[in-house]
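Before any questions on binding or motion, here is one chain by itself as structure tokens, the form predicted alone.
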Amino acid sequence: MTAAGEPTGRELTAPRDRERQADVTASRSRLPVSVVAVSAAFGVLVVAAAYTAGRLGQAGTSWADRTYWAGQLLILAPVAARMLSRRSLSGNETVTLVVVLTVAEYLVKVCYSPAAFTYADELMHWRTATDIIQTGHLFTPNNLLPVSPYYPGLEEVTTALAAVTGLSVYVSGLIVAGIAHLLFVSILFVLFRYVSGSHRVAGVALLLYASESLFSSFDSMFVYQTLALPFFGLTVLATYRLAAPRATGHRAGWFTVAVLSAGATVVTHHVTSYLLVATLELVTLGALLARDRRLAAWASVLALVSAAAFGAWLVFVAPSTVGYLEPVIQGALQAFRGLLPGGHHPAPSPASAANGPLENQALAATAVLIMSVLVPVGWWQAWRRYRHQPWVVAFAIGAVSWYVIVAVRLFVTNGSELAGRASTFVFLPAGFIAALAVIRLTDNSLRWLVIRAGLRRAPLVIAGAVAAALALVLNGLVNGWPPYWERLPGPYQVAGAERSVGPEQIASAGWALAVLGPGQRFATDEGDLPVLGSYGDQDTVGDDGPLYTSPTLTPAAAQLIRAQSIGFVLVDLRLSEMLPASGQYFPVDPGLGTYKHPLPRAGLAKFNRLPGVARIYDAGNIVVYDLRGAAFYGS
């Protein structure tokens, strides 16, 4: 080891030496990377065909679903087989496989909604970007996501691209999100390659990282975290380069990169900036345990710089962030207190009691078991070969978070959502440590088979490794986003997230903006809320269920209207025809997961009978009422 804790030349090349030794007993691959790329491209085409079938009304049919999964296997299986094969694989080929997987899955995401944003989170940021273009100013209020204008990094880049090229916000957003996602994955590959000294370890680590449930969805959406992640990764990578012995003469440049990247993270996404500080502190701890004073110093300095940057941004620009995050933090703290001995466990909500079909739950349990076995093996490998390497020590400590999110998923109310949100960052150390285990297990098995039985059974070992990797990645798709009830796009669904965004909803929202103006207080349901808040730029109310469920206007409902200053009610009559796909009709819904029948029609139509209430918009399924003339409104 060097004084700075960086591996010596022998340690850096050891994994590559082992790869070359194994290649002596293996011939050239019969699966060229070019064939893998062609297979992935064809897989995207097959998935797009399945999506088209869904739009034509075939969503939920067995053949359409099978077509979707066949396309995914065409993308994933060749990549996994080539990455895990012990046949020769160069660094360039490994990078190509990582890029093919990342780009293919991003294109699958784009094919789901190729004409406009439909994901609720993307609609929120589309609203902020549109406001910047229309007003020419930052920090324009966004009623749908009030904190979004105060972290305008994503929207600034997108609107700049739209202004220069003349492209729409949608197309510009797809370009920015896609490049940011690929850049983040590429930075991770470089970091893992530096830390491990092996492109194979880095490639397998990225394959496992792709199994986290948000990799193919939230981490590549048009949301502020997507752009913050490459800045996060670049700051961490710059920290590595600053502490490298050969960085002498280049440290000023790398320090500048680190500071600018940390600042860009802060102005782009709040949570990512906080986790950047936590990551740098984790690296500091790993450096101290490995007695690498140089890395400990640089990591701690950059942690302080990052903390100062987000502290200043909170105080002077975005103080409302505290109120926005407070309920989330309190909920998380309450959840963790429930894990402690003697802690109170809130009763699981009916909707969280079953996370989809039984086969989805079985796949999730299998994936948890695989990762839970791989991480301890990876710890053992890290202790044997890398215990003096500070970055591996830091990753080993960080991998403990894998078991934390497993406990949260199993024992905390709505734990699946909390664990899913955390997986983007948890899988960074856990994926790397698990990759060490995969390399160790496959190498040992192959070596034993070479000695005892030749290579006749070696393919079985690789097949097992590929099967395990596919189980992990498929679990990320099955139990990620979109949820199982809208795996394929299709006809309108009540409270169906993306399938609740359609021409009727967009038309009614556009009418509200054009006729009523922005910022009107609207009561609406779960499915119409993101469209009305984005396309309509209205101030929507989330806890308005009592207005829809009773056949008469109760005193409690009248009081709710006055307390919330609700001026308008949007009623979608299809709420009386379908059960909610997500288990809830309203964003804040006490009946979550308990509905056995659609809402009574009388509860939706009662506004026609209330004196002073005007029906100002009627498109058949969607009706808008003006409550401001009613006697109860100002009483």
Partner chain sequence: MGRSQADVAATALVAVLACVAAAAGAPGPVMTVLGVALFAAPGYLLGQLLTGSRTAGLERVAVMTALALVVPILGGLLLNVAGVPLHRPGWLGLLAGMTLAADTALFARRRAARAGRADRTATRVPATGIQAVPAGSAVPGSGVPGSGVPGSAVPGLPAADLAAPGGPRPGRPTTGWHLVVFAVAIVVAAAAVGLAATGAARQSQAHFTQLWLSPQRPGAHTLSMGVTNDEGSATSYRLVLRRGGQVIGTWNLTLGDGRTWQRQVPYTGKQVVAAGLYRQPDLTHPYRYVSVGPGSGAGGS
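Since the model is a prediction, treat every value here as computed from it, not as a measurement. Residue numbers count along the first chain shown, from 1.
Same protein, other form: the form predicted together with its partner chain, not shown, and the subject of what follows.
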| item | value |
| --- | --- |
| Stretch in contact, per heavy atom within 4.5 angstroms of its partner chain in the model of the complex, of 52-60, 589-597, 66-74, 576-584 | 52-60 |
| Every residue of Leu237, Ala244 and Thr256 near its partner chain in the model of the complex, heavy atom within 4.5 Å | yes |
| Listed residue (Phe215, Phe427, Phe231, Tyr224) with a non-hydrogen atom within 4.5 angstroms of its partner chain in the model of the complex | Phe231 |
| Heavy atom within 4.5 Å of its partner chain in the model of the complex - residue from Arg421, Arg409, His199, Arg487 | His199 |
| Exercise: Gln564 in contact with its partner chain in the model of the complex, heavy atom 4.5 Å | no |
| In the model of the complex, Leu289 touching its partner chain (heavy atom, 4.5 Å) | no |
| 4.5 Å heavy atom contact, Pro555 to its partner chain in the model of the complex | no |
| In the model of the complex, Ile370 touching its partner chain (heavy atom, 4.5 Å) | no |
| Heavy atom contacts to its partner chain in the model of the complex at 4.5 Å, residues of 484-513 in sequence order | Gly490, Pro491, Pro503, Glu504, Ala507, Ser508, Trp511 |
